[in-house]
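The chain below stands alone, shown as C-alpha coordinates; this is the form predicted alone.
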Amino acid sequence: MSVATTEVAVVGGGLVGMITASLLATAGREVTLVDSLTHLPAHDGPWDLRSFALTPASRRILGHCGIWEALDAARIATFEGMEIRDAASPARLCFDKASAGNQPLAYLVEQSNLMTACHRQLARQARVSDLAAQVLGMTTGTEDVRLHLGDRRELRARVVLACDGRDSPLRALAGIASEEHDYHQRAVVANIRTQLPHGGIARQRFLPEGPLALLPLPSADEVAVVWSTTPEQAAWAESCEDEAFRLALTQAADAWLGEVLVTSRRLAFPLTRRHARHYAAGRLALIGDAAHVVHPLAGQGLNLGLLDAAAIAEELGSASAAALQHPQSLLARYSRARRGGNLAMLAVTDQINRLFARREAPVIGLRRAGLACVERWAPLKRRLIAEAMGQRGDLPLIARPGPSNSPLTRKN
(Lines give C-alpha, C1' and ligand atoms only; values in the text may rest on other atoms or scores of the structure.)
Protein backbone atom coordinates (compact mmCIF):
# COMPACT_ATOMS: atom_id res chain seq x y z
CA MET A 1 0.00 0.00 0.00
CA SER A 2 1.22 3.49 -0.94
CA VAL A 3 1.01 5.95 1.99
CA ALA A 4 1.41 9.75 1.74
CA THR A 5 1.27 12.35 4.50
CA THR A 6 0.27 16.01 4.61
CA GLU A 7 -0.74 18.69 7.09
CA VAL A 8 -4.09 19.50 5.48
CA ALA A 9 -6.01 17.41 2.95
CA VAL A 10 -8.47 19.42 0.88
CA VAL A 11 -10.92 17.03 -0.76
CA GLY A 12 -12.65 18.45 -3.83
CA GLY A 13 -11.06 20.07 -6.86
CA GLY A 14 -13.80 22.61 -7.61
CA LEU A 15 -13.50 26.35 -7.08
CA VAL A 16 -13.90 26.32 -3.30
CA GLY A 17 -11.42 23.47 -2.93
CA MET A 18 -8.76 25.12 -5.07
CA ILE A 19 -9.19 28.50 -3.41
CA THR A 20 -9.06 26.94 0.07
CA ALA A 21 -5.84 25.12 -0.86
CA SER A 22 -4.31 28.30 -2.27
CA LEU A 23 -5.16 30.32 0.86
CA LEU A 24 -3.64 27.67 3.13
CA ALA A 25 -0.50 27.41 1.01
CA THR A 26 -0.19 31.20 1.05
CA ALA A 27 -0.22 30.93 4.85
CA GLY A 28 2.64 28.42 4.70
CA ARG A 29 0.70 25.20 5.24
CA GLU A 30 1.50 21.94 3.48
CA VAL A 31 -1.62 21.01 1.51
CA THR A 32 -2.67 18.04 -0.59
CA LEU A 33 -5.56 18.69 -2.96
CA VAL A 34 -7.43 15.45 -3.50
CA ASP A 35 -9.67 14.72 -6.50
CA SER A 36 -8.61 17.83 -8.37
CA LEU A 37 -9.85 18.39 -11.91
CA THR A 38 -7.55 17.16 -14.63
CA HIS A 39 -8.99 19.51 -17.27
CA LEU A 40 -10.32 23.04 -17.50
CA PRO A 41 -13.91 23.81 -18.48
CA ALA A 42 -14.23 25.05 -22.05
CA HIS A 43 -15.87 28.33 -22.98
CA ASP A 44 -19.49 27.79 -23.97
CA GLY A 45 -19.92 30.16 -26.88
CA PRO A 46 -18.87 33.79 -26.45
CA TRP A 47 -19.57 33.58 -22.70
CA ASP A 48 -19.88 30.72 -20.24
CA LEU A 49 -23.37 29.65 -19.30
CA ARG A 50 -22.26 29.58 -15.69
CA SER A 51 -20.97 32.79 -14.13
CA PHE A 52 -20.66 34.01 -10.55
CA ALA A 53 -21.51 37.41 -9.06
CA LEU A 54 -18.59 37.98 -6.68
CA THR A 55 -18.74 40.54 -3.90
CA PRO A 56 -15.91 42.96 -3.08
CA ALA A 57 -15.23 40.74 -0.04
CA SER A 58 -14.71 37.77 -2.37
CA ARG A 59 -12.42 39.87 -4.54
CA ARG A 60 -10.30 40.65 -1.47
CA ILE A 61 -10.09 36.94 -0.61
CA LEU A 62 -9.04 36.03 -4.15
CA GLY A 63 -6.55 38.87 -4.18
CA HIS A 64 -4.96 37.66 -0.95
CA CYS A 65 -3.77 34.44 -2.61
CA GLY A 66 -3.08 35.90 -6.07
CA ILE A 67 -6.05 34.41 -7.92
CA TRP A 68 -7.77 37.71 -8.70
CA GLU A 69 -4.68 39.02 -10.49
CA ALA A 70 -4.52 35.80 -12.53
CA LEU A 71 -8.02 36.35 -13.97
CA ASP A 72 -8.59 37.59 -17.53
CA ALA A 73 -9.74 41.10 -16.61
CA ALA A 74 -11.25 41.71 -20.06
CA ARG A 75 -13.86 39.03 -19.33
CA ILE A 76 -14.99 40.50 -15.98
CA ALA A 77 -18.12 42.66 -15.82
CA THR A 78 -18.75 45.11 -12.98
CA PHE A 79 -22.13 45.86 -11.44
CA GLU A 80 -22.44 49.64 -11.41
CA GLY A 81 -25.91 49.44 -9.93
CA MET A 82 -28.77 47.12 -9.10
CA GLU A 83 -32.54 47.35 -9.58
CA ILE A 84 -35.22 45.11 -8.09
CA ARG A 85 -38.84 45.03 -9.24
CA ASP A 86 -41.96 43.22 -8.14
CA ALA A 87 -43.99 41.96 -11.09
CA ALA A 88 -47.19 42.33 -9.07
CA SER A 89 -46.77 46.06 -8.34
CA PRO A 90 -44.96 49.17 -9.64
CA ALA A 91 -42.66 49.21 -6.60
CA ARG A 92 -38.93 49.05 -7.20
CA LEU A 93 -35.68 49.29 -5.28
CA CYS A 94 -32.51 50.77 -6.79
CA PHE A 95 -28.91 50.73 -5.61
CA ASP A 96 -26.08 52.65 -7.25
CA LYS A 97 -22.36 53.20 -6.71
CA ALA A 98 -23.06 56.21 -4.51
CA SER A 99 -24.89 53.99 -2.02
CA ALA A 100 -22.01 51.52 -2.20
CA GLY A 101 -19.13 53.88 -1.46
CA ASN A 102 -18.50 54.68 -5.14
CA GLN A 103 -17.23 51.22 -6.01
CA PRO A 104 -18.72 48.35 -8.02
CA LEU A 105 -21.42 46.43 -6.19
CA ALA A 106 -20.18 43.09 -7.56
CA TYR A 107 -18.19 41.46 -10.35
CA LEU A 108 -19.51 38.88 -12.80
CA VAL A 109 -16.83 36.27 -13.50
CA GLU A 110 -17.21 33.20 -15.71
CA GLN A 111 -16.57 29.75 -14.27
CA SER A 112 -13.84 28.98 -16.82
CA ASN A 113 -12.06 32.26 -16.06
CA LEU A 114 -12.04 31.45 -12.34
CA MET A 115 -11.00 27.84 -12.86
CA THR A 116 -8.15 28.82 -15.15
CA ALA A 117 -6.89 31.45 -12.69
CA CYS A 118 -7.04 28.95 -9.82
CA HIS A 119 -5.04 26.38 -11.79
CA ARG A 120 -2.44 28.98 -12.74
CA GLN A 121 -1.99 30.15 -9.18
CA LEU A 122 -1.90 26.64 -7.70
CA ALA A 123 0.81 25.71 -10.19
CA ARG A 124 2.96 28.40 -8.55
CA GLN A 125 2.31 27.10 -5.03
CA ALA A 126 5.18 24.82 -4.03
CA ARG A 127 3.35 23.80 -0.86
CA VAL A 128 0.38 22.30 -2.72
CA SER A 129 0.57 18.74 -4.04
CA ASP A 130 -2.06 17.26 -6.30
CA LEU A 131 -3.53 13.79 -5.82
CA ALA A 132 -6.08 12.70 -8.40
CA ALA A 133 -7.99 10.07 -6.49
CA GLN A 134 -11.37 9.10 -5.13
CA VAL A 135 -11.88 8.88 -1.39
CA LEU A 136 -13.38 5.45 -0.62
CA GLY A 137 -13.25 5.59 3.17
CA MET A 138 -11.99 7.53 6.15
CA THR A 139 -10.57 6.53 9.53
CA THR A 140 -10.00 9.11 12.27
CA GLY A 141 -7.21 8.35 14.73
CA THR A 142 -5.74 10.14 17.73
CA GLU A 143 -3.04 11.83 15.66
CA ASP A 144 -4.40 12.04 12.12
CA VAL A 145 -7.11 11.12 9.62
CA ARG A 146 -6.50 8.34 7.15
CA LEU A 147 -8.18 8.76 3.80
CA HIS A 148 -8.49 5.45 1.98
CA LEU A 149 -8.13 6.12 -1.71
CA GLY A 150 -8.49 4.10 -4.88
CA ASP A 151 -5.65 1.88 -6.13
CA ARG A 152 -4.83 0.87 -2.53
CA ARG A 153 -3.42 4.27 -1.65
CA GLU A 154 -3.73 6.09 1.67
CA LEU A 155 -3.33 9.73 2.63
CA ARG A 156 -2.73 10.71 6.25
CA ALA A 157 -3.53 14.28 7.30
CA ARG A 158 -3.77 16.30 10.50
CA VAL A 159 -6.93 17.94 9.18
CA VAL A 160 -9.35 17.11 6.35
CA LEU A 161 -11.45 19.80 4.69
CA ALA A 162 -14.49 18.58 2.75
CA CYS A 163 -14.91 20.85 -0.28
CA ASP A 164 -16.67 18.11 -2.25
CA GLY A 165 -19.98 19.79 -3.01
CA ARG A 166 -23.62 19.66 -2.01
CA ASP A 167 -23.77 15.85 -2.11
CA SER A 168 -20.52 15.63 -0.13
CA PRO A 169 -19.40 12.00 0.26
CA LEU A 170 -17.09 13.06 3.10
CA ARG A 171 -20.00 14.58 4.98
CA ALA A 172 -21.70 11.19 4.79
CA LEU A 173 -18.52 9.35 5.82
CA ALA A 174 -18.23 11.63 8.85
CA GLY A 175 -21.83 10.90 9.83
CA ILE A 176 -22.91 14.55 9.66
CA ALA A 177 -26.62 14.87 8.91
CA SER A 178 -28.08 17.73 6.87
CA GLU A 179 -31.50 19.31 6.54
CA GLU A 180 -32.84 19.81 3.02
CA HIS A 181 -35.80 21.61 1.47
CA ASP A 182 -36.86 21.24 -2.16
CA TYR A 183 -38.09 24.56 -3.60
CA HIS A 184 -39.84 22.77 -6.48
CA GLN A 185 -38.15 25.27 -8.77
CA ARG A 186 -35.46 24.98 -11.41
CA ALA A 187 -33.03 27.72 -12.44
CA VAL A 188 -32.73 28.24 -16.19
CA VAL A 189 -29.42 29.80 -17.22
CA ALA A 190 -28.68 31.38 -20.59
CA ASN A 191 -26.84 34.28 -22.17
CA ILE A 192 -28.76 36.71 -24.34
CA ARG A 193 -28.31 39.82 -26.46
CA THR A 194 -30.84 42.55 -25.85
CA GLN A 195 -32.26 45.47 -27.79
CA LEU A 196 -31.11 48.01 -25.20
CA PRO A 197 -27.72 48.23 -23.42
CA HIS A 198 -27.61 47.04 -19.81
CA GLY A 199 -25.56 50.00 -18.56
CA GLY A 200 -23.76 47.83 -16.03
CA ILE A 201 -26.97 47.42 -14.00
CA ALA A 202 -27.91 44.06 -12.46
CA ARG A 203 -31.67 43.59 -12.69
CA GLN A 204 -34.02 41.24 -10.85
CA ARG A 205 -37.76 40.90 -11.39
CA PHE A 206 -39.76 38.83 -8.93
CA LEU A 207 -42.41 36.74 -10.66
CA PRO A 208 -44.91 34.45 -8.90
CA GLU A 209 -42.99 31.39 -10.16
CA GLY A 210 -39.63 32.72 -8.97
CA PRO A 211 -37.11 35.54 -9.53
CA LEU A 212 -35.66 36.43 -12.94
CA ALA A 213 -32.16 37.92 -12.88
CA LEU A 214 -30.51 39.77 -15.78
CA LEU A 215 -26.81 40.23 -15.03
CA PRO A 216 -24.51 42.41 -17.15
CA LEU A 217 -21.81 40.73 -19.20
CA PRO A 218 -18.72 42.65 -20.41
CA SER A 219 -20.38 43.30 -23.77
CA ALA A 220 -22.72 46.31 -23.57
CA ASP A 221 -25.80 44.52 -24.91
CA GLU A 222 -25.33 41.00 -23.54
CA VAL A 223 -26.57 39.71 -20.19
CA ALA A 224 -26.50 36.46 -18.26
CA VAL A 225 -29.93 35.11 -17.33
CA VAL A 226 -30.83 33.16 -14.19
CA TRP A 227 -34.56 32.43 -14.35
CA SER A 228 -35.97 30.53 -11.37
CA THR A 229 -39.27 29.00 -12.36
CA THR A 230 -41.40 25.87 -12.22
CA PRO A 231 -39.91 22.52 -13.30
CA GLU A 232 -42.41 22.39 -16.17
CA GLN A 233 -41.50 25.85 -17.46
CA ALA A 234 -37.80 25.08 -17.09
CA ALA A 235 -38.13 21.84 -19.08
CA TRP A 236 -39.88 23.77 -21.83
CA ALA A 237 -37.21 26.50 -21.81
CA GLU A 238 -34.42 23.93 -22.23
CA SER A 239 -35.99 22.27 -25.25
CA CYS A 240 -38.02 24.94 -27.05
CA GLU A 241 -36.98 26.80 -30.19
CA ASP A 242 -34.84 29.89 -29.67
CA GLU A 243 -37.54 32.20 -31.01
CA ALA A 244 -40.11 30.89 -28.54
CA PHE A 245 -37.69 31.32 -25.66
CA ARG A 246 -36.78 34.86 -26.73
CA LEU A 247 -40.45 35.86 -26.80
CA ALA A 248 -41.19 34.23 -23.44
CA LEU A 249 -38.18 35.85 -21.79
CA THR A 250 -39.01 39.28 -23.22
CA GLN A 251 -42.47 38.95 -21.68
CA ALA A 252 -41.17 37.63 -18.33
CA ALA A 253 -38.74 40.55 -18.11
CA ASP A 254 -41.50 42.99 -19.13
CA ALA A 255 -39.21 44.11 -21.98
CA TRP A 256 -36.91 45.65 -19.35
CA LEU A 257 -34.07 45.82 -21.89
CA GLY A 258 -36.32 45.82 -24.94
CA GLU A 259 -36.64 42.67 -26.98
CA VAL A 260 -34.40 39.66 -26.49
CA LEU A 261 -32.68 39.42 -29.87
CA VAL A 262 -30.38 36.40 -29.52
CA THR A 263 -30.17 33.56 -27.02
CA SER A 264 -27.64 30.86 -26.27
CA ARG A 265 -28.63 27.31 -25.50
CA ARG A 266 -30.24 26.84 -22.10
CA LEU A 267 -29.47 24.67 -19.09
CA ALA A 268 -31.56 24.11 -15.96
CA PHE A 269 -30.78 22.75 -12.51
CA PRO A 270 -32.98 22.03 -9.48
CA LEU A 271 -33.09 24.45 -6.56
CA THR A 272 -32.85 23.24 -2.99
CA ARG A 273 -31.87 24.57 0.41
CA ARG A 274 -29.50 22.42 2.45
CA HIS A 275 -27.66 22.97 5.71
CA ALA A 276 -25.41 20.60 7.64
CA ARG A 277 -26.29 20.19 11.31
CA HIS A 278 -22.60 20.46 12.18
CA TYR A 279 -19.70 22.03 10.29
CA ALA A 280 -17.02 19.97 12.02
CA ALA A 281 -16.55 16.49 13.42
CA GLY A 282 -13.24 15.32 14.87
CA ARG A 283 -10.51 16.38 12.47
CA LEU A 284 -12.85 17.17 9.57
CA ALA A 285 -14.60 20.42 8.60
CA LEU A 286 -17.15 21.15 5.88
CA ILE A 287 -16.50 24.06 3.51
CA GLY A 288 -18.80 25.66 0.93
CA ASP A 289 -21.65 23.65 -0.56
CA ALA A 290 -20.72 20.65 1.57
CA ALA A 291 -21.96 22.72 4.53
CA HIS A 292 -24.71 24.86 2.99
CA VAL A 293 -26.66 25.39 -0.24
CA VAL A 294 -28.76 28.54 -0.69
CA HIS A 295 -31.30 29.76 -3.24
CA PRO A 296 -29.48 31.65 -6.05
CA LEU A 297 -31.75 34.71 -5.91
CA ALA A 298 -29.10 36.73 -4.05
CA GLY A 299 -26.14 35.21 -5.92
CA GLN A 300 -24.41 34.41 -2.64
CA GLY A 301 -23.58 30.69 -2.98
CA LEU A 302 -19.92 30.95 -4.00
CA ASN A 303 -19.42 34.09 -1.89
CA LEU A 304 -20.42 32.17 1.24
CA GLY A 305 -18.03 29.38 0.25
CA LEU A 306 -15.16 31.84 -0.12
CA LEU A 307 -15.89 33.30 3.31
CA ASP A 308 -15.74 29.74 4.67
CA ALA A 309 -12.40 29.25 2.93
CA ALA A 310 -11.02 32.48 4.36
CA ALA A 311 -12.23 31.63 7.88
CA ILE A 312 -10.71 28.13 7.91
CA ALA A 313 -7.45 29.46 6.43
CA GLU A 314 -7.37 32.05 9.18
CA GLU A 315 -7.69 29.36 11.86
CA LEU A 316 -5.34 26.78 10.38
CA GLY A 317 -2.88 29.12 8.70
CA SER A 318 -1.86 30.87 11.92
CA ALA A 319 -2.04 27.78 14.16
CA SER A 320 1.05 26.45 15.86
CA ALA A 321 2.30 22.95 15.16
CA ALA A 322 0.99 21.82 18.55
CA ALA A 323 -2.46 23.26 17.84
CA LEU A 324 -2.58 21.51 14.48
CA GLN A 325 -1.85 18.18 16.16
CA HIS A 326 -5.11 18.59 18.09
CA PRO A 327 -7.21 20.81 15.78
CA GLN A 328 -10.65 20.24 17.30
CA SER A 329 -10.74 23.66 18.99
CA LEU A 330 -9.63 25.35 15.75
CA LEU A 331 -12.41 23.68 13.80
CA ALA A 332 -14.94 24.53 16.51
CA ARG A 333 -13.96 28.21 16.23
CA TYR A 334 -14.35 28.03 12.46
CA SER A 335 -17.82 26.52 12.86
CA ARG A 336 -18.90 29.23 15.31
CA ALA A 337 -17.51 31.97 13.07
CA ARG A 338 -19.38 30.86 9.95
CA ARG A 339 -22.55 29.08 11.04
CA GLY A 340 -24.48 32.16 12.17
CA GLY A 341 -23.87 34.16 8.99
CA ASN A 342 -24.66 31.23 6.74
CA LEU A 343 -27.88 30.50 8.65
CA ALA A 344 -28.91 34.13 8.28
CA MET A 345 -28.38 34.05 4.50
CA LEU A 346 -30.28 30.76 4.22
CA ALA A 347 -33.20 32.28 6.12
CA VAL A 348 -33.20 35.57 4.18
CA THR A 349 -33.13 33.97 0.73
CA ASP A 350 -35.74 31.42 1.75
CA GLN A 351 -38.13 34.03 3.12
CA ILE A 352 -37.68 36.42 0.18
CA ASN A 353 -38.43 33.61 -2.26
CA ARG A 354 -41.57 32.67 -0.31
CA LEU A 355 -42.71 36.28 0.16
CA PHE A 356 -42.57 37.21 -3.52
CA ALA A 357 -44.35 34.00 -4.53
CA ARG A 358 -47.45 35.10 -2.57
CA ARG A 359 -50.28 36.52 -4.68
CA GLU A 360 -52.74 37.71 -2.02
CA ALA A 361 -53.58 41.42 -2.30
CA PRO A 362 -52.57 42.26 1.32
CA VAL A 363 -49.16 40.61 0.84
CA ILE A 364 -48.61 42.43 -2.46
CA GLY A 365 -49.49 45.69 -0.72
CA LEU A 366 -47.04 44.92 2.09
CA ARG A 367 -44.25 44.20 -0.41
CA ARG A 368 -45.00 47.43 -2.25
CA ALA A 369 -44.89 49.47 0.93
CA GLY A 370 -41.71 47.74 2.12
CA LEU A 371 -39.82 48.34 -1.12
CA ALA A 372 -40.97 51.97 -1.21
CA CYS A 373 -39.84 52.48 2.38
CA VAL A 374 -36.37 51.09 1.77
CA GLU A 375 -36.07 53.06 -1.48
CA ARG A 376 -36.72 56.33 0.37
CA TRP A 377 -34.55 55.58 3.44
CA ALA A 378 -30.98 56.18 2.32
CA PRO A 379 -29.24 55.01 5.54
CA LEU A 380 -31.04 51.66 5.39
CA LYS A 381 -30.16 51.26 1.72
CA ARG A 382 -26.50 51.90 2.46
CA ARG A 383 -26.55 49.37 5.28
CA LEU A 384 -28.24 46.69 3.16
CA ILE A 385 -25.84 47.08 0.26
CA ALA A 386 -22.83 47.16 2.59
CA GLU A 387 -23.94 43.86 4.14
CA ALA A 388 -24.48 42.29 0.71
CA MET A 389 -21.06 43.46 -0.53
CA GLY A 390 -19.15 42.24 2.51
CA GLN A 391 -18.27 45.75 3.65
CA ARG A 392 -19.47 45.14 7.20
CA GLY A 393 -20.38 42.31 9.50
CA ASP A 394 -18.43 39.54 11.22
CA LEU A 395 -16.08 38.66 8.37
CA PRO A 396 -12.71 36.90 8.23
CA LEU A 397 -9.97 39.50 8.46
CA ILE A 398 -8.71 39.06 4.91
CA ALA A 399 -12.25 39.67 3.60
CA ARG A 400 -12.65 43.01 5.37
CA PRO A 401 -12.16 46.39 3.67
CA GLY A 402 -8.83 48.11 4.10
CA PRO A 403 -5.37 46.61 4.67
CA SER A 404 -5.42 42.99 5.76
CA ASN A 405 -5.12 42.53 9.51
CA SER A 406 -4.25 38.88 9.11
CA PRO A 407 -1.31 37.71 7.01
CA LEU A 408 -2.31 34.18 8.12
CA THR A 409 1.24 33.50 9.24
CA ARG A 410 1.96 30.54 11.44
CA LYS A 411 2.60 30.93 15.14
CA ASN A 412 5.53 29.01 16.63
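Because the structure is predicted, anything quoted here is derived from the model rather than measured. Residue positions are given as counts along the sequence shown, with the first one as 1.
Another form, the form predicted together with a small molecule, is not on view; read the next lines as being about it.
- For the three residues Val16, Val135 and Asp164, a heavy atom within 4.5 Å of the small molecule turns up in the predicted bound form in every case.
- Mapping the unseen interface onto this chain, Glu110 falls outside it, with no heavy atom inside 4.5 Å of the small molecule in the predicted bound form.
- With a 4.5 Å cutoff on heavy atoms, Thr32 does not count as touching the small molecule in the predicted bound form; it lies far away.
- Of the heavy atoms in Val11, some are within 4.5 Å of the small molecule in the predicted bound form.
- When the small molecule is considered in the predicted bound form, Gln185 lies well away from it, no heavy atom lying within 4.5 Å.
- Residues of just one listed stretch (118-126, 298-306, 314-322, 242-250) have heavy atoms within 4.5 Å of the small molecule in the predicted bound form: 298-306.
- For the candidate set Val189, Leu71, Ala174, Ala157, a heavy atom within 4.5 Å of the small molecule in the predicted bound form is found for exactly one residue, namely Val189.
- This chain appears without its partner; in the predicted bound form, the one residue of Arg50, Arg368, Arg383, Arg358 with a heavy atom within 4.5 Å of the small molecule is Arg50.
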